[in-house]
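Single chain ahead, by itself, as structure tokens, in the form predicted alone.
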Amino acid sequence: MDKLKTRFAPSPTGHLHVGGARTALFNYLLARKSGGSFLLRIEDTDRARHDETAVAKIVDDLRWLGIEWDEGIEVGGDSGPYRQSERLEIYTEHIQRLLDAGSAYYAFDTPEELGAMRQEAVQRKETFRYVRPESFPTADDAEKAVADGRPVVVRFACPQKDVTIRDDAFGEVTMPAGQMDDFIIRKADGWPTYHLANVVDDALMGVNYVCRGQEFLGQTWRHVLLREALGMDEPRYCHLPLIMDMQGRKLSKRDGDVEVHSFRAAGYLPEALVNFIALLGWKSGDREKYTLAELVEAFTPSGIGKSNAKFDRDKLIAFNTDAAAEADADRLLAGLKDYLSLNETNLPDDEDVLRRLLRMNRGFRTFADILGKCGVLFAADDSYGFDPKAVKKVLEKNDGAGYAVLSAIRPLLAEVDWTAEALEKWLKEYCQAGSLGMGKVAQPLRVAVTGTRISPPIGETLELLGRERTLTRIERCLRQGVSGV
């Protein structure tokens, strides 16, 4: 594989979408695999939708995923500036070249006039195509139109010929000349459109491999023609299949979080998310589990398919569960601290306590599970409620057998050595002596001290609470049982 220079060029409107993350990842992998370079550029010429705070969010999301770039914003390089909003003079120069060569022309149509043209096309049952004027307006005509308050744009004069794109994923894709029209390359506000800015930047920055979503494939003919008119080399193309939900609909927020930051805040590990995203439209044999370094070695465009990818959230949960089980203690601690930094919780920031929580919750799916199981242990002893279903099934069932167990063991627990091991041993012996199953004792205890039937192992739970707080919580549970509250 020749050395590739790839790029990721997001428009900053919010946090990084998982689809954008996949595009960034694939471009990163292509560059690393070929010994080339990966560039990060910000495409912010759409000033109406631009959100400056989103730039830092995108940068943070990429770095959390472990996707680093060799050139671009915050890194620098020889091809900057790397924000399109700082490259207006460059675009203006290239647009003028096209105007001078007769490859582009001014147009002054108002929105109302364009709307009427489209309506006429509908009435004729035709697809609207802009009608090129017989003679192109001059710069003086454009100035007069501006003075008259008309919107002045620049349109590219499309050559009347078919355009065939050779794509590494979709093969040869041809756009017939009859389906093209003279598209806008500079808007009335003076900013270039995506097509012009994207083509100029890729060429001047030396990008020789364009990897992006399938939704851009139908627009690529515009880029081919612009490059040809400007005398620029053509890159290789690879368009990625769409990402759909499990019902075959385009992935959207209706099915839950779709931003990288949301998964981070929900307690996922970046290595699990990267592994999962890599398989959205790419595969190499039957293998599924990869580290980022292993993906660099295995990744090739030939593994990218045409079929739409399915975003299987259950599979992502399974990937994260496995990643957490395989990670060492220090990695998990770093991940848990990152999760806590993004969420308001009552968990302490004491590293020893956090390590203890990680051990207590072995087998967790996401860091949110730890909070769900252990957050109540750090709450005030009189602040948590009791799950009605747990009370009915564990405490009240069989004429209040659960309450009876709590009443019996509360004074006995006051004398037990307070370590997880000693508590587990004592509970086991108590059950054996009374011919009781462990659940008949452990579950009432669990409901008493947490309000639910879910917690880490009961011995570790009680040890963390401490003797005094455990006894206080049991007493509170018994009181509410008597009062029926």
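Being a predicted model, the structure only gives us computed values, none of them experimental. All residue numbers are counted from 1 along the displayed sequence.
Just so you know, the form predicted together with the RNA exists too; it's not on screen, but the next bit is about it.
The shortest heavy atom separation between R446 and the RNA in the predicted complex is within 4.5 Å. Contact check for D162: every heavy atom lies farther than 4.5 Å from the RNA in the predicted complex. Contact annotation: I458 falls within 4.5 Å of the RNA in the predicted complex, judged by heavy atom distances. Taking the partner from the other structure, the RNA in the predicted complex has no heavy atom within 4.5 Å of any heavy atom of A145. The chain is drawn here without the RNA; in the predicted complex, the stretch among 336-344, 126-134, 97-105, 73-81 whose residues come within 4.5 Å of it by any heavy atom is 126-134. With the partner removed from view, the residue among L242, A327, L204, A379 that has a non-hydrogen atom within 4.5 Å of the RNA in the predicted complex turns out to be L242. Taking A323, L279, C158, A229 one by one, only a single residue has any non-hydrogen atom within 4.5 Å of the RNA in the predicted complex, and it is L279. Looking at the RNA in the predicted complex, residues F8, L332 and P388 place no heavy atom within 4.5 Å of it. Taking the RNA as positioned in the predicted complex, the residues of 303-341 that bring a heavy atom within 4.5 Å of it are, in sequence order, K306, S307, N308, A309, K310, D312, D314, K315, A318, T321, D322.
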